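In the block that follows, a single chain appears as structure tokens, in the form predicted on its own.
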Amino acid sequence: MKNLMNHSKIDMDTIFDLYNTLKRRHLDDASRQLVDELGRLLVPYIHTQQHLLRSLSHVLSVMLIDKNGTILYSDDYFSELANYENSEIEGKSFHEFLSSSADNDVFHHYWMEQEEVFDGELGFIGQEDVPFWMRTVIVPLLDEPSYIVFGMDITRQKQGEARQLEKAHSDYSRTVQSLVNLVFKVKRIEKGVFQYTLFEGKLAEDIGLTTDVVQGQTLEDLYGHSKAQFYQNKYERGFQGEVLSYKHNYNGRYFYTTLSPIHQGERVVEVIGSSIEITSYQEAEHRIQHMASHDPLTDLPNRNKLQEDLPVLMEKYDKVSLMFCNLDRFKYINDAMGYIAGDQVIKLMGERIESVIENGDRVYRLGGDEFIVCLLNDQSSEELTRQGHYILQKIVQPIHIMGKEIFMTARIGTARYPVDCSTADELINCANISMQYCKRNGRHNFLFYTPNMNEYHDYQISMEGNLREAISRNELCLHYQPKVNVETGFISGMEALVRWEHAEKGFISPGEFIPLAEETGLITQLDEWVLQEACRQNQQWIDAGYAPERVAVNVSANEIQQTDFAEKVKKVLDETGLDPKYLEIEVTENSVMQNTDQCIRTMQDLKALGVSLSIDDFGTGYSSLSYLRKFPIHYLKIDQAFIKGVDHDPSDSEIVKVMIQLADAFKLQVVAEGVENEEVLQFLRENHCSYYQGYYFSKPLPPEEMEQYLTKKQTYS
């Protein structure tokens, strides 16, 4: 075959030369005829072969290689593509001219197997490393251990494909790089070892991890051992075929990632992931969780957090003690100085309590004026007592607020696990009972829980039941305190005040049962009863011939904020027959500062009925002045906390003067509460206060005694 490839063209030329030689010789007729016939047959064939070979040489390369891959013959076609002389090609290995392209891997596999025919696209490297490609067919010869290689130049086609591939890759790169989020691909190098093959997107650039950075790096290189273990676990699950999502953080930022396996048949060959940043959402979630478990004013853990923590702590520690701390007279701070001052006091008390606890112990704010101290150390009764009194000493230190120096006291009840109880709820309840029991032993006190304290707790519960019965059975009564004209000294109305004379327990102070009514929700029924009874009694006096006087009824914050309160008042007036002008509704300053718009609407409805309105305890709040123009009120009642000090405290006297002037500017009349001596009354005269109430004139009186101050109408015959 090699000889054929080397000499086929030469043999044809020789034969053709021989034919021409014979044609020029003198031959006999028979020989001449034979030569002519040979020419007639040979010449067209030779021309056809020459045209065919010439045509093939422009489109097809023909080579001959032996079983070792050595090139035995190469035509001009391949030599021109490779830019070598034929002599430089022949004798060399066919493999030397192949490029390292992955496309040639299939040929190397073929050559190792020595299969029958190879048909594929091969990449070659010519002189000066110039690449070219040929569509190649390799056919083994039957008569000798050699291969004939046919090749067609496809360089332009491959270059076009490369340009298209590069353009597609460029488009793909631009696409993934333009993504706001992050996309990545993970390959498994070996068991437990992973690397990224892609890491793109604006988020990737933002965190400083791009494909250029992560390629060739292991997870430990990028994240360190601890964090790498986390990602390794996730990627391992991905290569097991699991689709999964998870939250994680990197450099203080939070991400949400989804992994999806890429299958090739039944085998996972790659895992693709996508990530979005959720830092703002995670921070918001943390804030929400913090808000749900912490008091917004003091930032201390709240009741929910205590109920969540306590069972865990009791399981972890052999002994746990709870100190239930309740501030004394905190309502007075709110009433006298307003909720802003009250909030400042609560924050300060929380800081003071927290400052004395030891490492590991915790402080919770349950709400209002109640705190819980959770002690996890194994302390004796003496040590707990000492720490409890230390907290009380901290609390009683002076408080300077709004130009005043005030003092707070507290009571602390303590319960211990497992001495007093076995569950978290029982521990809280026992600490609460011991704190409540402190009331019986004076304020600013510290007590341990004992079982006999349950009797007092039961007493409180029974008091609630008794109050319910007292309301339903009309066991309550009203006393009336006269309102007196400062200038004339004559009565100008009265205030109705509820009293409870228990059949067995005797007189029960309003300071005891009214807070109980507010805590239990009985205040609504109590308010309704007082309103009904005051209107009934006043109408009875009018029917009996006494000169009509206006009766004032105190209404709780809960009632004044009800949308149907004005309708309730109208119904009571209709039932009792009392003229609306003889009824006055009193609301505290702080109560109307809650849900203010609704309060204003209710007060406008009451005024439209003809009912008078007054703000009670004026001066104890600090946000209502801007609403004075909006409130449809007739009277301001100055709290007795200011009135009692006008004869000896210059600041109180100045405050009262300003309040009277303010009321005058708004065309309101002023009622001073708590007047107990002539000096205070004289001060009110000098400053043109309209009315006053107080023990200087009369204490609250039962109806039969109040009648002595009422004036009988004169009748003319």
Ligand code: C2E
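All of these numbers come straight from a predicted model, not from anything done at the bench. Residue positions are given as counts along the sequence shown, with the first one as 1.
Another form exists, predicted in complex with the named molecule; not displayed. Remarks below refer to it.
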Out of 667-675, 681-689, 653-661, 62-70, where are the residues with a heavy atom within 4.5 Å of the named molecule in the predicted bound form?
-> 667-675
Check whether Leu384 has any heavy atom within 4.5 Å of a heavy atom of the named molecule in the predicted bound form, and answer yes or no.
-> no
Any non-hydrogen atom of Glu586 within 4.5 angstroms of the named molecule in the predicted bound form = yes
With heavy atoms only and a cut-off of 4.5 Å, decide whether Ala341 touches the named molecule in the predicted bound form.
-> no
Is Thr298 close enough to touch the named molecule in the predicted bound form, meaning at least one heavy atom pair within 4.5 Å?
-> no
Check each of Leu522, Val530, Cys421, Leu348 and return the one that places a heavy atom within 4.5 angstroms of the named molecule in the predicted bound form.
-> Val530
May I ask you to choose, among Val498, Met463, Leu81, Leu327, the residue with a heavy atom within 4.5 Å of the named molecule in the predicted bound form?
-> Val498
So, Asp616, Gln640 and Pro700: all three within 4.5 Å of the named molecule in the predicted bound form by heavy atoms, or not?
-> yes
Could you run down 546-564 and flag each residue that has a heavy atom within 4.5 Å of the named molecule in the predicted bound form?
-> Asn554, Val555, Ser556
